[in-house]
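Only one chain is shown below, in structure tokens, and it's the form predicted on its own.
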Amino acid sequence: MKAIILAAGMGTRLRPLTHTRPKPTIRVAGRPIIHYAVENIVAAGIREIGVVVSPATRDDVQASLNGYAGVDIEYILQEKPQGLAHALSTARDWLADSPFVMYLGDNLFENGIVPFVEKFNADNPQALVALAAVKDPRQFGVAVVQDGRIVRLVEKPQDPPSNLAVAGIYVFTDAIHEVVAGLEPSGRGEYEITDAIQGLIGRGARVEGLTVEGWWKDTGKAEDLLDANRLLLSGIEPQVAGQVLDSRLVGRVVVEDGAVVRESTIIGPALIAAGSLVENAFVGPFTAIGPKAEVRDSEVEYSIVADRAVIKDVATRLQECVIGVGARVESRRGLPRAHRLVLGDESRVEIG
């Protein structure tokens, strides 16, 4: 069995974070999202992975995965994103006649994908789809299930026929390729994977659904990133490899090698990444400080602070923040007493 990870999308709902880097490379609980996908695939016994990238995402995704040991990674170029089924079609030659997992590269699963691969191997359907009950299924593909079989799929319906959302994991035989080859674009102008699976159903193929065990996160918005960060940090074990000087660590705190915590309080679960500096600061629960970031004379909690970001001399505690790579948050000293902001498109700032 092989696997493909889809990492060609532009992540428009997460702008401005995704103006400069693809969503699967954003760090959550200290690691790029796509690393969790690779880890889950490897845990299912799969060693051949194709990563579908676009010209805009290729370099960043490849840099994120460079040096990943124990797996054979092939990069497959999708020149222009035109839907999930189109992404699948770009990998057809590489997949050949192998059964395969298709994994959306911005999704996170508490318990991985082993149950889906095991059920596929045991039942031998033409397709197996991960499903999850959601409050508002209008933003997802939605399934109708009878006796364990999916009998209908609808993409982002305004009037959902059920509350079962398609949850970012698919397992297929090579029968899917012929259906994809005959697809027409949807009303959105994309080649929908839901239409392809519906085509399998129309041909009499057995398509099964399996409900996700544990939590599942589609990291489409900043709030989703923060919640995923919370969930993943909840499982960390305390470890101190860096320097901790005149500081107090409470609960599950990870201080990676090369990090420095000085005259500060860290309340876990929290992660202080390699090369970062926390000085005369408070870092509260569910916070991940990225590599080479700085938090000085400030307070931050329930937040993601990315690589090389700086938070300095901020009088008010920062909460529920996603601070991007290289971003700076500082107090202005002296006159005039004013806020000075440089913000990208789709940014959001709350000032008390």
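This structure is a prediction, so every number in the text was calculated from the model and none was measured. Throughout, we count residues from 1 along the sequence that is shown.
Although not depicted, the form predicted in complex with a small molecule is the subject of the following passage.
In the model of the complex, residue 206 stays away from the small molecule, with no heavy atom inside 4.5 Å. Using a 4.5 angstroms limit between non-hydrogen atoms, residue 194 touches the small molecule in the model of the complex. Residue contact check for residue 110: none of its heavy atoms lie within 4.5 Å of the small molecule in the model of the complex. With a 4.5 Å cutoff on heavy atoms, residue 179 does not count as touching the small molecule in the model of the complex; it lies far away. With the partner omitted from this view, the residue of 248, 221, 188, 80 that lies near the small molecule in the model of the complex is 188 [heavy atom within 4.5 Å]. The single contact residue among 256, 155, 227, 174, judged by any heavy atom lying within 4.5 Å of the small molecule in the model of the complex, is 155. The partner is not drawn, yet in the model of the complex one stretch among 198-206, 259-267, 155-163, 90-98 has residues with heavy atoms inside 4.5 Å of the small molecule: 155-163.
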